[in-house]
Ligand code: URP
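What follows is a single chain, given as structure tokens, in the form predicted on its own.
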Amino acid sequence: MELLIKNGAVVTESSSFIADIAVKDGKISCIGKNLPIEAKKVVDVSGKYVLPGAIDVHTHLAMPFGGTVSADGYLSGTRAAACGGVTTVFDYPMQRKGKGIVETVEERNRMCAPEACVDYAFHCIITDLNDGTLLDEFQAAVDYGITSFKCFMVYKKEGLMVDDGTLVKVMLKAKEVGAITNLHAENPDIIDFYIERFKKEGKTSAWYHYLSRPEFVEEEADKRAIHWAKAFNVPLYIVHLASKAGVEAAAVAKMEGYDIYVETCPHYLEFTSEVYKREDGRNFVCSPPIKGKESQDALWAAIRKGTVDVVATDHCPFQSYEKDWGKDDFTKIPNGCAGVENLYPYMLSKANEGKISFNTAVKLCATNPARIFGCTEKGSLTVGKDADIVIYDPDKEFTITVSNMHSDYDHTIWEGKKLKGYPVQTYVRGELVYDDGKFVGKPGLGKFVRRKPGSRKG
């Protein structure tokens, strides 16, 4: 046996118990109490929790946006993931006019493979159906291991938006091949209306980024997307949902039996729109923007009720000097914030504080992402699955600062945030990649996760 983790409190989505975990050939080979097994490496984790590695299903690494490229490439982004207990990341390659889906993904895969410090997968953003011929590629993409496609209802001027008709075509074809459609839901025309008005009035601070995309701008698009999903009976995954009425509409659709999934992000759970009034408010600019307290409370309530299926990060950081491009004009601020290293520590800290259970944190950050997106070897501590394991010390005090993160950005919206408990070790398929504050893995360790269509239900 290669690795034996002893005496830890094993946490699953539904239970917790003291046990040993044995690892062989990168897989969990045995789970039990006081296992009579010899191993090359024995780690006693008495007093600590043993968790499945988190899966961040929403990152934008080396992403061109807003006249620059996101600060974390595949090396630094996956290194940061490892140090936060994330053992698999999903990135979003962007299909452009004239490009195929598999072609787009393969290009990104070639970039990622030599640098990845954890395992990785891809969703593919669809921006142009090439007169409909691209739909013929959906099956080839699924065969390649891509079982999710993303559409934008916004970014019309940037050439990323799809109209409602195109969205429906994508959702129908995705269902036909056993895939699912991910959707960024906001109303672009109302956003453009507000932006034009605010700029004419000289209202250009970061606060007006929020006011140009107020609650109802997202809520309308959430409801419209859910309406189409219900009308055509197709699966839908709404990314970074942040609005009260949006999550309520999703809850109704779920109760009616529709295949609707909701993702939210830690920054929506921690901060409110008041951050845009701060002197450094531009650092918090992301889309959809962070909403008001009522929406924040609704998201936490939805987590407790089970309406929110996944917490992921939308990790897309930019350097402070790039954020400063918009200090006098919010439309020039590159949209995005850091988060991949903070996802699991934040949610586990909330569990440690009693706001949610540890089982819920595991379900939101590991088990549900694996189930929804077909990562059949990931997401739980189960015999036969990949030994993606996180050791968590519930007594460790930790304060987030840019200097103790492992990304390439020069600031973080999480600066000064105190956490109760923190991951102390991360294993990817049985390989130690993070040890008590230090990255100890190596680039190229991560493998491309080829996913299979199948049941997304628990």
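Numbers follow the displayed sequence, beginning with 1. Since this is a predicted model, take the numbers as computed values, not measurements.
Unshown form predicted in complex with the ligand; subsequent notes refer to it.
- In summary, the region of this chain contacting the ligand in the model of the complex, judged by heavy atoms within 4.5 Å and restricted to 227-235, 333-341, 104-112, 296-304, corresponds to 333-341.
- Proximity to the ligand in the model of the complex, defined as a heavy atom within 4.5 Å, holds among Leu241, Cys316, Ala174, Val311 only for Cys316.
- Shown without its partner, this chain lists Lys291, Lys150, Arg282, Lys350 as candidates; in the model of the complex, only Lys150 has a non-hydrogen atom within 4.5 angstroms of the ligand.
- None of the heavy atoms of Leu167 is located within 4.5 Å of the ligand in the model of the complex.
- Contact check for Arg429: no non-hydrogen atom falls within 4.5 Å of the ligand in the model of the complex.
- Although the partner is absent here, Ser287 lies within 4.5 Å of the ligand in the model of the complex, judged by heavy atoms.
- Interface membership of His184, defined by any non-hydrogen atom within 4.5 Å of the ligand in the model of the complex, is confirmed.
- Heavy atoms closer than or equal to 4.5 Å to the ligand in the model of the complex belong, across 49-70, to the residues His58, His60, Phe65, ordered by sequence position.
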